[in-house]
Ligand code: PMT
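Form predicted alone, single chain, as structure tokens, below.
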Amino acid sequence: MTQGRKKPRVLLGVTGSVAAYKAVDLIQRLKPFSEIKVVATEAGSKLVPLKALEKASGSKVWTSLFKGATPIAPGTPSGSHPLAVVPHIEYAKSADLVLIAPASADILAKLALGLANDLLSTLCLYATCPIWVAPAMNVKMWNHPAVKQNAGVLRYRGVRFLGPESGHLACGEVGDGRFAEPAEIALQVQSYFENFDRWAGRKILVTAGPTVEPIDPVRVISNHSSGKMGYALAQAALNRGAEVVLVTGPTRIIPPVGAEVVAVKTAEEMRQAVKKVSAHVDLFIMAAAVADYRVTSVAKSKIKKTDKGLTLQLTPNADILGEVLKNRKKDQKVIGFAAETDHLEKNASEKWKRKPCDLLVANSVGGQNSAFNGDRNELLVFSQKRSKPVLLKKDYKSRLAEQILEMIDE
């Protein structure tokens, strides 16, 4: 970011997604900590009134690359024509972040192909700052091979994706493609600017998601963990400028840009991945929901269904967190997690005595308030620096992740 400026500059692109009307809410959430300029595509300008965007941002909305330009007369010296100084080009040059929210399938295709046939796509080629996109579209569009390929290309180039989420869509269908909550997007932008380079030089290892233990080539033992909390912690560490290794079980979440991702399936695979890295990190976060048991003898072929019951012999898996605590180096911080269905404080406190982490984060996974698969959670955090556990009230997991990392710095 440019030093000495009061507020970072955000160039907000609004495209032709039905979620375009939410851009007004997003602008209002971004304004307290950033300077906003809005670029609307032709389709975007038909879905949300430009006056509403201008009122929210406090400035004119740009819609055309050539609006107001005059033809270049023959013989005009190079650099002397009015097109040489175009306000929105100058702003793109000094922007600290380009945020396209909502991002349509069309703009993802343009960015992936490097097209420049409208103002927003042209500015994205011109800008040298990070580009973030918050996709919003029908589930079938999001899952189309072309869109998936374009998203993969952009992630490879370092474009950060905020969502999409899964849920009820405007078209009436249910699935992936839902626009991320404006509050969530604004939180990520704020965290990026406020925490920039705070943890530069630190190396963080985060585990996330479930593990799966095979019964036979078809069936597995697993749990309902979505991986959202672990991924949120990895992103929060990246926002602080840390080097992050994410060891993850199977999830549906897009890995955060900038993290070194190690994909695993079983508890033993996760254990081996952790052993390779844990001795070299400053902070270890064990957020994964590791299966406590594995099948003692995995069938080599599918077990056929019969009218009789089936008994499986299970063997305990290794205690990954316990091994890290036993072997951790001096000054290495460790955060553990405890998932409980009842007696949360009592059971978590007993685990903390057995495994004295710097922080032990306890959450409920039972009943209607289960943390599994949800975007929000309520946490009880045990800290070596506090005499009593701290209650983190129900909030987005991304915001809770920020609070957890703040407690490490106490």
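Residue numbers run from 1 along the displayed sequence. Note that the structure is a prediction, hence the values are computed from the model and not measured.
Separately, the form predicted in complex with the ligand exists; it is not shown, and the next lines address it.
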Within 4.5 Å of the ligand in the predicted complex, counting heavy atoms only, one of 136 to 144, 110 to 118, 287 to 295, 241 to 249 shows up; tell me which. 287 to 295
Any chance 225, 377 and 397 all have a heavy atom within 4.5 Å of the ligand in the predicted complex? yes
Among the candidates 106, 319, 176, 269, the residue which, in the predicted complex, approaches the ligand to within 4.5 Å (heavy atoms): 319
Contact assignment for the ligand in the predicted complex, among 205, 101, 229, 237, heavy atom within 4.5 Å: 229
Flag residue 41 as yes or no: does it have a non-hydrogen atom within 4.5 angstroms of any non-hydrogen atom of the ligand in the predicted complex? no
Please tell me whether any heavy atom belonging to residue 365 falls inside 4.5 Å of a heavy atom of the ligand, as the geometry stands in the predicted complex. yes
4.5 angstroms heavy atom contact with the ligand in the predicted complex for residue 29: no
4.5 angstroms heavy atom contact with the ligand in the predicted complex for residue 355: yes
